[in-house]
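Just the one chain here, laid out as structure tokens, in the form predicted alone.
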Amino acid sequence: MKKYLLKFLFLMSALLFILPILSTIGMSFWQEKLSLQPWIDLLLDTPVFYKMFWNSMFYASVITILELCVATPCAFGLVTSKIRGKKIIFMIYLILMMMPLQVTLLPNYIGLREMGLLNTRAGIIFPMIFSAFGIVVLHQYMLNLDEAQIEAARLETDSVIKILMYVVAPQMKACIIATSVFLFAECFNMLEQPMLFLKEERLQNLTVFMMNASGYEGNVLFPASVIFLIPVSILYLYFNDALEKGIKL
């Protein structure tokens, strides 16, 4: 009896969490009555939506790949190097990760302005690839690496890149996938940076489109919200096993 009661409670909890998603899907077919008009307004009468959607995909994909390329060797260096003060450096990264985004927006804005990168795609990508999140997560996982394999690899090659590719990466595949999914989701959802750093609509992303949905013809917010859920949901479902393993590790 207790077992079935727990299953029922878990099922109710799952339904409670999925209710907003079901509500969003239902509202995307409602305009005073059940209708496809909201989808027609979005897909046929709002062409800027497609540009902003692919901007979101582009920003999230490029930032995720580049951030992994930066974070992996940084985390590896913090774990394996013998330099003094590396624990202090890691603590600084930890503090930066926990720091609210709003604290860093003004310094980023000033820096991008001085470099002439405001209102450019590079102005969105460049600050994000040096985020502390990837370094902290990968660093914590690398503490459990097999040091014997790394030392053996160092006898064969002096190339840190080869060691990362052929020794480190295979050991932490699940962690890299989990980190990639979380980074993609974070970048796909970003709002403040495109709103502040970009002026031209052609450069902005889907989050900004949804923020300004009331300025477009028709009830486009809910259909756009449904499409907004799809990319990250596919990633979570496809890499579910790797995510579960990576989170456990």
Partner chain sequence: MNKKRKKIRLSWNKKCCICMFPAIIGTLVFSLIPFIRVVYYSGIKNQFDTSFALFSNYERVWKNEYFRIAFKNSVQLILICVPILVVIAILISLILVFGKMQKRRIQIAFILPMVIPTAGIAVIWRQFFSEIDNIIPVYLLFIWKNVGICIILLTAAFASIQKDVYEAAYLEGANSVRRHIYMTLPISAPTIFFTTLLSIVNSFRIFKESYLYYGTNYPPDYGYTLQYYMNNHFLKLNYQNLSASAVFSTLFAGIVIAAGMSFIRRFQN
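Between two forms, the rigid core is the largest collection of C-alphas that superpose within 1.5 Å. Numbering follows the first chain given and starts at 1. Please read these numbers as outputs of a predicted model, since none were measured by experiment.
Missing here is the form predicted in complex with its partner chain; even so, the following discussion is about that form.
A.B. asks: Decide if the three candidate residues Ile63, Ile88 and Gly134 all line its partner chain in the predicted bound form, where lining means a heavy atom within 4.5 Å.
C.D. replies: No.
A.B. asks: To verify the annotation, which of these, Cys74, Ala174, Val167, Leu145, has a non-hydrogen atom within 4.5 Å of its partner chain in the predicted bound form?
C.D. replies: The residue from Cys74, Ala174, Val167, Leu145 that makes the contact is Cys74.
A.B. asks: So its partner chain isn't shown here. In the predicted bound form, which residue out of Leu203, Met57, Leu68, Met190 has a non-hydrogen atom within 4.5 Å of it?
C.D. replies: Comparing distances to its partner chain in the predicted bound form, the residue within 4.5 Å is Met190.
A.B. asks: Does any part of Thr120 reach within 4.5 Å of its partner chain in the predicted bound form? Heavy atoms only, please.
C.D. replies: Answer no; every heavy atom of Thr120 is more than 4.5 Å from its partner chain in the predicted bound form.
A.B. asks: If we define contact as a non-hydrogen atom of the residue within 4.5 angstroms of the partner, is Met27 a contact of its partner chain in the predicted bound form?
C.D. replies: Yes, Met27 sits close enough to its partner chain in the predicted bound form that at least one of its heavy atoms falls within 4.5 Å.
A.B. asks: Check Tyr93 for me: does it contact its partner chain in the predicted bound form (non-hydrogen atoms, 4.5 angstroms)?
C.D. replies: Yes, contact at 4.5 Å.
A.B. asks: Answer with yes or no whether Ser81 is in contact with its partner chain in the predicted bound form, where contact means some heavy atom within 4.5 Å.
C.D. replies: Taking the distances in the predicted bound form, the answer for Ser81 is yes, it comes within 4.5 Å of its partner chain.
A.B. asks: Hey, does Gln31 budge by 2 Å or more at the Cα between this form and the one not shown once the core is superposed?
C.D. replies: Result for Gln31: yes, a 2 Å-plus shift.
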